[in-house]
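To begin, one chain is listed below as structure tokens, in the form predicted on its own.
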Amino acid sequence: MISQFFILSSKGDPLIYKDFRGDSGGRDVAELFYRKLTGLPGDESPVVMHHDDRHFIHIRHSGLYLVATTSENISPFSLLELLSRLATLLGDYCGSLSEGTISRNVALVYELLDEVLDYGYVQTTSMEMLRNFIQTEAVVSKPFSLFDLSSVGLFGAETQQSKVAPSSAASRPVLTSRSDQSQKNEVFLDVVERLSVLIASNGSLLKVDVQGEIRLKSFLPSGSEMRIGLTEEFCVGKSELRGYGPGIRVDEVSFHSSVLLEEFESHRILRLQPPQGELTVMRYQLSDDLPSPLPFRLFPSVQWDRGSGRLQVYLKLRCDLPPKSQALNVRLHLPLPRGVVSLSQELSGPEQTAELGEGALRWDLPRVQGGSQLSGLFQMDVPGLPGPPGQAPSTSAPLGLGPASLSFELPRHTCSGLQVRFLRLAFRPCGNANPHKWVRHLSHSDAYVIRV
């Protein structure tokens, strides 16, 4: 049983507020929660907090805080599960979960809350049951895109139909109007990987980890059977080898409860009958042994004149992707010593930018082609770190410099090598239009750190 539910923006602005029992301090409780949250030391705040006789349980999703309060002695895990399911429902009905979509669909969000919770008690979080009661249509606008979808095929890189998904596909809500279902028979399948890497200052690899997911978003009628064929050489564990080519190995794998595995062992085929909406079909992990080279290597060179406080940093970034691949939205973040007051730069391309901000150097590269090599020369004055006059320049890094971190996206690329061979549907529409299938492969950095 919960007393209140509210959604706050990353700055603490209340977007949604629902008081189910009237036993709280009103909207001031949301402000109290955000003050307690921002007053805690460090970046990681506890998901469960206490104030007087009230418990705050929250999750953070897409920059938003989803918060439930209760004065009862309830298992926090059950409320965390409820908040996670609410986040999934809001994403399905609004198209995506963000401050903009919530603001545009306030009426729809409140209608969902009225059906999911009654006097603070959970009624249902089932998409199937809610579709019979939710009448409000989602308000959709063109979503923000990190890069041009039409040029790189973010959603649905070339599939069997050799099509590219429309730019609005990623944020299209699950439809509630039955009259529109026959016109929106589409399935979106994403293979998304997060790459974590730690590289020593001498270039040796200290740690590598890949966390992958196969995500499905279906607009087909619930119960429609589909078969997902994975790479035949896909194997779990180091002892198993399959096929004639190089093995594509992961250390651990888990499946959604609706996935049937009769054909997985023999043919690497997943069969399922998913409900309408979004679910994670499979999760997997790979550590310490990538089948391909790392996407980026950084070669830093530091010159520090202790006498004048002049710091010169030369960065050479090499992209080891295949020549036909590319990385997008690449950003290098390099912490600098305290007191840096100026920056002069020489970059290898006109589309690159660099600036100082929040005690760090940010070097932005919108697009990096596989096999290319980019460089930047940065000269800074650090008057707070002078040494004895006349001392020779040093190649050792001053205190406070580094480590460098990279963020990037790799469309149509998986670091593990896992690919979707096919996506086959057993669904037969009443009309002549066949269901559309969109498949995307995407890797992005999670924590890509290079010591200087």
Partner chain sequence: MTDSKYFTTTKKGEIFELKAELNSDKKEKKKEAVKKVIASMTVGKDVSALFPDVVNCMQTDNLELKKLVYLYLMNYAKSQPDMAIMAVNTFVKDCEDPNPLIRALAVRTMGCIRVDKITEYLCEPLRKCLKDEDPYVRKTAAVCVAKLHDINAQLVEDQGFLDTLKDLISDSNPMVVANAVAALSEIAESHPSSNLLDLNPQSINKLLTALNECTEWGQIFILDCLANYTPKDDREAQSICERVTPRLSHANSAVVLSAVKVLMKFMEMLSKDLDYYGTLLKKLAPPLVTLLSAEPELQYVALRNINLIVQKRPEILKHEMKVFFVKYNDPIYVKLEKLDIMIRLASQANIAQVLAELKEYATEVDVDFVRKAVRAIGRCAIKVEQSAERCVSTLLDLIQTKVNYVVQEAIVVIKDIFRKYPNKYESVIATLCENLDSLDEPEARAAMIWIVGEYAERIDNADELLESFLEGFHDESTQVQLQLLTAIVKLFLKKPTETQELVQQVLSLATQDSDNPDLRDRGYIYWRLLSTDPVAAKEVVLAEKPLISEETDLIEPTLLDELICYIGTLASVYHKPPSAFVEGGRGVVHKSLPPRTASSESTESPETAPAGAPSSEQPDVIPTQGDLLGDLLNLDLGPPVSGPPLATSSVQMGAVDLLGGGLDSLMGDEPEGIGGPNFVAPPAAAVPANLGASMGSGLSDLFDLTSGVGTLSGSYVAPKAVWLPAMKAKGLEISGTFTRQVGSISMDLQLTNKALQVMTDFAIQFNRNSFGLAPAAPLQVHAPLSPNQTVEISLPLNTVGSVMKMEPLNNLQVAVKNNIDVFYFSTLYPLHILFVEDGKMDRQMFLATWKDIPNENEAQFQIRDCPLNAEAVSGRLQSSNIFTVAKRNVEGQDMLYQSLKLTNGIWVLAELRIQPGNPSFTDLELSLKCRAPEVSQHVYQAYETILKN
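Positions refer to the first chain, counted from 1. For clarity, every value in this text was computed on a predicted model and none was experimentally measured. Think of the rigid core as the biggest set of C-alphas that the two forms share within 1.5 Å after superposition.
Here the subject shifts to the form predicted together with its partner chain, a form of this protein not shown in this document.
Proximity to its partner chain in the predicted bound form, defined as a heavy atom within 4.5 Å, singles out one entry of H441, K18, H436, H444, which is K18. Scanning Q379, S348, Q273, S196 against its partner chain in the predicted bound form with a 4.5 Å heavy atom cut-off leaves one residue, S196. Heavy atoms within 4.5 Å of its partner chain in the predicted bound form map, among the stretches 202-210, 91-99, 185-193, 316-324, onto 202-210 alone. Among heavy atoms of F5, none comes within 4.5 Å of its partner chain in the predicted bound form. Its partner chain is not shown here, but in the predicted bound form it comes within 4.5 Å of a heavy atom of E115. In the predicted bound form, its partner chain lies farther than 4.5 Å from every heavy atom of H413. Taking the partner from elsewhere, G307 is found to have every heavy atom lying beyond 4.5 Å of its partner chain in the predicted bound form.
Residues of 99-123 lying near its partner chain in the predicted bound form, listed in sequence order, are V106, A107, Y110, E111, D114, E115, D118, Y119, Y121, V122, Q123, the criterion being any heavy atom within 4.5 Å. A displacement of less than 2 angstroms separates the C-alpha positions of E225 between this form and the one not shown, with the rigid core held in common. Comparing the forms between this form and the one not shown on their rigid core, the Cα displacement of L79 reaches 2 Å or more. Superposed on the core, the two forms barely differ at E355: its CA moves less than 2 Å between this form and the one not shown. Whereas the shown form places them at one spacing, the Cα atoms of V253 and T125 lie at least 3 Å closer in the predicted bound form.
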